[in-house]
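Take a look at this single chain in structure tokens; it is the form predicted alone.
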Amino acid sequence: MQQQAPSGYDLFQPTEEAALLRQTVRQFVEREVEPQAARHEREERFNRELFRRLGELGLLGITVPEDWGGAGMDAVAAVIAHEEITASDPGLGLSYLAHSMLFVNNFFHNSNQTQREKYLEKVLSGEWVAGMCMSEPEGGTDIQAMRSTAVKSGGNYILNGRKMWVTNGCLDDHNPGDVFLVYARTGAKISTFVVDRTMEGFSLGQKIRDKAGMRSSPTAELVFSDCRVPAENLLGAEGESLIHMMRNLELERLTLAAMALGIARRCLDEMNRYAGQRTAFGQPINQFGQIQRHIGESYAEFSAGRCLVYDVARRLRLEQPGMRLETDAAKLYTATMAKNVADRAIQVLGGYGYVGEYSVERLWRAAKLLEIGGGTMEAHQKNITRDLSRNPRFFR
């Protein structure tokens, strides 16, 4: 028999700690993130000082145990932080995800004590900006097409290859990010290496400009040319990259879904407010059926997506992957939902929606990335179909 939730239970902030986290992040966003969001997006500039403030708040290690300097929180907390930040600044939200989920969470759960002592303090504080390098210029996210190689030579691995579409790949036009998890072939299998800016042979290839959205999050090509990586920077054992990826993949996709919630929530708020203030033919435009349809459908779809994401987050265990079906479904639904809600918001605001004053065009551009990055819609559809075919009793 299924256990009932306690009286007064709130799916979206199930504990006092979660409620306090949401309040803290929301106040921080209103005070420090919102005033700079449009400017940094327009200038395609990463706000490193603001990023350090995320470290001061303890958000950069939100899933790392307190014994190691983190906040020691769960998947629900990670979802809350990503939703709140992205509702204001999707670019900052994406950089936050690449750092705290793709690097920090992945690194912590797969590293040894020596590696943690070497890197954790710098990335948890925000002194170093981190990311993950998997995609390549020709192979994209096709792991089997990966060409980067790492060959053991004495006490080092010699790493060669190019990585593309790296979030946090650069800090400005000339300098790469500080530290990355880099996937490369070691013979027939793929291994994971921690590569930092101090290593010979590691350089910035090019900063990727003129993206459709999330321009305040720096994206770059990184180059590894006979890069000498100390053998002790091998994460785990050779050939364990797929294990590392699978351990982290579910939380990555869930927090990307949370970013979609932030975008949709802000767009819904903007269109609802505007429709109550803007008049036509002597009455607010929210009195017209066409506008009511846009607002009503957006609210219903956002609410459904939010329930899905937080229910999955409530059940996800950080150290026990096994919810690929649910996390794929959460991102598959919310990514397109956010794009559609943003599109309706522009339609409701009309000409004002098409320019930057009300933020919805910036959010609309950002939303499209969620259908591509962190797993394409097609990849999620394939995974869901495959998982359901292996579990025909799922619907019973």
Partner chain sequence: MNILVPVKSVVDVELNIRVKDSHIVEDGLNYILSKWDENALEAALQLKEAGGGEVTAVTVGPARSGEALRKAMAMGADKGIHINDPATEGSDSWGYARVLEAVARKGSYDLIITGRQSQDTDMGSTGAFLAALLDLPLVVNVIHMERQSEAGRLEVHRKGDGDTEVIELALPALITANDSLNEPRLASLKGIMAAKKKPLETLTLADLSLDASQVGAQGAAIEIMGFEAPPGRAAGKKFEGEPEEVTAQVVGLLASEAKIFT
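Positions refer to the first chain, counted from 1. All of these numbers come straight from a predicted model, not from anything done at the bench.
The same protein has a further form, the form predicted in complex with its partner chain, not shown here; the description that follows concerns it.
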Can you tell me whether Arg31 touches its partner chain? I mean in the model of the complex, with a 4.5 angstroms heavy atom cut-off. yes
Check Ala19 for me: does it contact its partner chain in the model of the complex (non-hydrogen atoms, 4.5 angstroms)? yes
Looking in the model of the complex, any heavy atom of Gly353 within 4.5 Å of its partner chain? no
Would Gln381 count as touching its partner chain in the model of the complex under a 4.5 Å heavy atom rule? no
If the criterion is a non-hydrogen atom within 4.5 angstroms, does every one of Leu316, Gly322 and Ser389 touch its partner chain in the model of the complex? no
For the interface check, one of 52-60, 36-44, 353-361, 325-333 should have non-hydrogen atoms within 4.5 Å of its partner chain in the model of the complex; which one? 52-60
Pick from Gly72, Gly239, Gly201, Gly139: which residue has any heavy atom within 4.5 angstroms of its partner chain in the model of the complex? Gly72
